[in-house]
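Only one chain is given next, in structure tokens, and it is the form predicted on its own.
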Amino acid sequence: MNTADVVFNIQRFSLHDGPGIRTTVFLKGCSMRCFWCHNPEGQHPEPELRYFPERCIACGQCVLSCPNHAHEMHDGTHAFLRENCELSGLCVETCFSRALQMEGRAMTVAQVMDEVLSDKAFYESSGGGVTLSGGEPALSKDFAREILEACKVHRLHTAIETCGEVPWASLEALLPFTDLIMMDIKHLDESKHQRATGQPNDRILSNARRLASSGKTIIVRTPIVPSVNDTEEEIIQIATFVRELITLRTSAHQNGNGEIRYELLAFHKLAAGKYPSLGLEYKAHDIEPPTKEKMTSLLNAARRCGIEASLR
């Protein structure tokens, strides 16, 4: 229970990361760089300093406290020199207006479980539990496995959200203590996938096939991003792959008989404000969320492939 890793959020009373009322634990670090990422603060594995200039009152305390000269004052205006920052955190401690915040903190499994178990009564009454998300939880294999194992000691339902772009051994290590896997499949075309996410999709598809043979309940998810994968043809390709996973499960005769379902998620811009605070460019700025009519059309296309599909 003393194993530690970097957590950037623990979201209580979550209703969208699995069945029932859940606590979602977000771990830092991801191998992909989707240009529309809704959790950019989860991409890098280490803590990061976020700066919100609109909150700054130019008091100058950060200039005095920073040992690396990452903060300067020019004519009463504060400037943050991110390239000088070595994450001492001293500026955060002296920032009265919370214009400077540390994103991510090292936590032990015991510390995570203390927060998780505080809502155990809600899990029991709603059929909920705990979900590990990110980032990519399988990149923190040992930490994630110990959290899931501890949850099972307390008979909690467990789930992971994964992009699938990890070594199979990292995913496999989590399976004995995981009830539900929610896995993104963003595109079947490898070159389009790489342009949109920074990674090819061969390992993702291979892992999806292996997961299908595991017998675990799987929800395959596709975030619908205009200009990336919002045509009926592209969704039919993914839905056909999901149907193949269902066939593979039927023929594998492995332990477990969990279902495989398909969900479509609409791209949104709620994360746009996170990027500047992390010193990142928001490359999805000119993309508009898909309309309800578009999402319904894509849902119907997926269902024509003979699989169970829904919108979320």
Partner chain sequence: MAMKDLLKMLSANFEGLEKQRLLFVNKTPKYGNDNDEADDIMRWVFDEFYSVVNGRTNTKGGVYRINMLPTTCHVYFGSVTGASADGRKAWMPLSEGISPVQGADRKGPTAVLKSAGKMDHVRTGGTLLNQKFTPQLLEGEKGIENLSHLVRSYFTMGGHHIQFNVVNAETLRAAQVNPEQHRDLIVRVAGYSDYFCDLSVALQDEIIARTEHQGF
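Residue numbers count along the first chain shown, from 1. Just so you know, these numbers come straight off a predicted model, no measurement behind them.
Note that the form predicted in complex with the partner chain isn't included here; everything after this is about it.
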{"item": "All of Ile57, Phe96 and Glu115 within 4.5 Å of the partner chain in the predicted complex, heavy atom check", "value": "yes"}
{"item": "Ser125, heavy atom within 4.5 angstroms of the partner chain in the predicted complex", "value": "yes"}
{"item": "Any non-hydrogen atom of Glu232 within 4.5 angstroms of the partner chain in the predicted complex", "value": "no"}
{"item": "Partner contact for Pro289 in the predicted complex: the partner chain, 4.5 angstroms, heavy atom", "value": "no"}
{"item": "Interface membership of Val92, the partner chain in the predicted complex, 4.5 Å heavy atom rule", "value": "yes"}
{"item": "Which of 46-54, 239-247, 281-289, 59-67 sits within 4.5 Å of the partner chain in the predicted complex, heavy atom basis", "value": "59-67"}
{"item": "Selected contact from Ala106, Met73, Ala121, Val153, since only one has a non-hydrogen atom within 4.5 angstroms of the partner chain in the predicted complex", "value": "Ala121"}
